[in-house]
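For reference, the chain that follows is the form predicted on its own, supplied as C-alpha cells.
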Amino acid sequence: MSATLTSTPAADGFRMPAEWEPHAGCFLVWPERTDNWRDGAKPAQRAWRTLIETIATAEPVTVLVSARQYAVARALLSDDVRLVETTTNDAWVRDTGPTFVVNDAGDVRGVSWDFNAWGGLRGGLYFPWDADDLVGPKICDLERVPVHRPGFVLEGGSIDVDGEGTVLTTEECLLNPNRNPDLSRGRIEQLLHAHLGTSKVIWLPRGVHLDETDGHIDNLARFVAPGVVLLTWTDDVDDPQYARSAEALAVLERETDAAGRSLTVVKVHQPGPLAITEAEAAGVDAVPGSQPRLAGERLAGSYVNSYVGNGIVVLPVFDDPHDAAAVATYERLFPGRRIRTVPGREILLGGGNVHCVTQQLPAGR
C-alpha cells in the first residue's frame, strides 16, 4: 500500500510536469455503463480499442477494467496492453485518477483529489461515485508511489500546466459552488500551488459551451509549449462559443506566465457544431441519477482535447470540414511528434474526449 503523505508536493520539491515531458506510461478505464455509452457500450469500446492501440505504439498502456468486462477487453486488446481488474463508476480517468508530480531526482508521487462526479448532489452527472473517488489511490498503490490527499474536490481535466510554474483553469469550474463552496479564490490558488508546484494561476472565465463538466480547461485551452496556448475558436459570431472563446483570448493576450513571458495564442476552429442524433440518443439507457442524452442536444466538441504522448499526439477527429485544419495546426505546433488521429465522436457522446479518458504517468528514475 502506498504511503499517504502529510506534507505537500511543493514543500517537498515536487511539481506537475507538462504533458509533453517524457512518460512512463498511460492509464485508461474501460467503458461499460449503458446509461452513458450507447448500444451496450460496444461502439465506445471499439473507439477505446483504437485509442489504446494508438497510444500503445508510443508508451506502455494500463487499462483498468471491471471483472465482468475483463474477458471482453482482453479479447479486444493486444497482449502488450496491461489490464488490471478494478471497480470504477465510469471511464473518466483524467478526472478520477491521480495527478502525478515529480522532483529533480526523478521521484514520482501522486496527488489524489476528491471526486464528486462534477458537482455531487448539486449538478453531478451520476450517482454513486464512490468507486471513482478511490481510483486515484488505487493507481498510486498499483505504481507503488506515495500519495498526497489534499481533501479538495478537483478533476484533472480542470487544470493544465506548462511544467514551469503556470497553471491554466476556468472560473466556471473551480469557483463553482458545487465543488468547494467554503473555499475562496485565494485559498484555491494556494492549494493549487501547494500540490502542483506552481506559482501563477491564469483564470479564464468560462469553458466550452454546454460542457457538462462545468467548463473544464482541457476542452477549451491547453499549453502546447512554454508560453504557447492552443485555444478552441469559432469564426461564427452568432455561435454561443464565440463569446466564450473571445473572452478567453482577451485574458490570454494580457496575461504573462510564471516566468513573465507574454503568451502566444494559437486558435483552432471547433468542429461542427455537432449534435446527438436520434439513433444515438435512443441507444442510451435512461436511468434515474444519470445524465440524460437527448436527440438534438449540442455536443461540446473540441480539437484541444488531445493527448500528448511520447513522440506522438493523439488527436480526435469527427469527419468534419475542420478536421484537416486541426491536423495541420498540430503538425505545426508539434514538429517532433507524429500526429495520430482517432475517431472522436463516440467518446464525445459520453461527455468528453481523448484527454478526458487518459492519464499520463511521468517518467521517473
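Everything numeric here is computed off the predicted structure, so don't read it as measured data. Throughout, we count residues from 1 along the sequence that is shown.
The protein also exists as the form predicted in complex with ligand KQY; that form is not presented, and the subsequent description refers to it.
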Could you confirm whether residue 9 comes within 4.5 Å of ligand KQY in the predicted complex, counting heavy atoms only? no
Please tell me whether any heavy atom belonging to residue 16 falls inside 4.5 Å of a heavy atom of ligand KQY, as the geometry stands in the predicted complex. no
Since only the chain is shown here, I'm wondering whether residue 212 would be in contact with ligand KQY in the predicted complex (any heavy atom pair within 4.5 Å). yes
Can any non-hydrogen atom of residue 351 be found within 4.5 angstroms of ligand KQY in the predicted complex? yes
Checking 263, 125, 191, 102 against ligand KQY in the predicted complex, the residue with a non-hydrogen atom inside 4.5 angstroms turns out to be 125
If the cut-off is 4.5 angstroms on heavy atoms, which of these, 293, 149, 206, 269, is the one near ligand KQY in the predicted complex? 293
Ligand KQY is absent from this chain, but in the predicted complex, do 95, 118 and 356 each have a non-hydrogen atom within 4.5 Å of it? yes
Partner absent here, but in the predicted complex, which of 106-114, 170-178, 279-287, 214-222 has residues with a heavy atom within 4.5 Å of ligand KQY? 214-222
Looking in the predicted complex, the residues of 36-51 with a heavy atom no more than 4.5 Å from ligand KQY, listed in order, are 36
